[in-house]
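The data below hold one chain only, encoded as structure tokens and taken in the form predicted on its own.
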């Protein structure tokens, strides 16, 4: 009988772990919401828009080859470069040596789904893992009305909160809880703004470099093949962590109004203040603070536990989350 592995979280880190484990075990992936995590895509009126992670930028050829080999025909490359702007809204060319910016023709979440599909794992969406218990031979996972025992476990953020009340007597549990308490995440309100006209600018996206603007990121979904019909535009406006932190009770309507007003001012186009429709997402765990002690990764493996997610690397980059998932999956597969 094959060993059984539970992965908690179906973002790119969990998908990478499931893919790396592959045929070495019978893998089940639990996801409280839907597949994708922060690699989330919206679909409306014939448009596709990535309003969490905007693209995957492989740091080297090895990672790019892995993504292309798994996602294959799902992938498209974003056209145009990312420019920069400051707190005064002054825009200039920036970010030299830009590589490929990958997404899916039908949304960036298709990359996550491609890794999960290739893994052969069983995916349990809309199923909340409520409790963990260490057993002599692995882990007992309580999800919904079920309790199932697994030979190994992979956790991804923010599911590491499960350790706080887990039935697990090892000292490393307290270490993990303490690491979670020290770790911080910045919150971001992300808004997709649709317009029935094209926005003609010489760049794909803009990123604020001095952290002094209410907008942290602005980009055009029309730069992604298959995302926006000709003659239309969707701007993704991610308000800065400072904006979101200073307005914890802001409604989606208030976030959308602010995003549209700032987009109009930043791009110098009054029409942008009045989108014909919009969508909004409030990402509580958007950008991690400093990474945790990498020794925890090795300690956890000794307890049949894989740790994955951008909180390990301390950077909110999709490729970093994927690589931690692949590392966790490979490491556990070698121990099963």
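Residue numbers count along the first chain shown, from 1. In this text the structure is predicted, and so the values were computed from the model without any measurement.
Keep in mind the form predicted in complex with a small molecule is missing from the figure; the text below concerns it.
- Only one of 272, 292, 305, 39 lies close to the small molecule in the model of the complex, with a heavy atom inside 4.5 Å, and it is 39.
- The candidate spot formed by 21, 163 and 183 is out of contact with the small molecule in the model of the complex: none of the three has a heavy atom within 4.5 Å.
- In short, of 61-69, 272-280, 27-35, 297-305 it is 27-35 that has heavy atoms within 4.5 Å of the small molecule in the model of the complex.
- Interface membership of residue 188, defined by any non-hydrogen atom within 4.5 Å of the small molecule in the model of the complex, is confirmed.
- In the model of the complex, the small molecule sits within 4.5 Å of a heavy atom belonging to residue 12.
- Within this chain, residue 49 is remote from the site of the small molecule in the model of the complex, having no heavy atom within 4.5 Å.
- The small molecule is not drawn, but in the model of the complex it has no heavy atom within 4.5 Å of residue 207.
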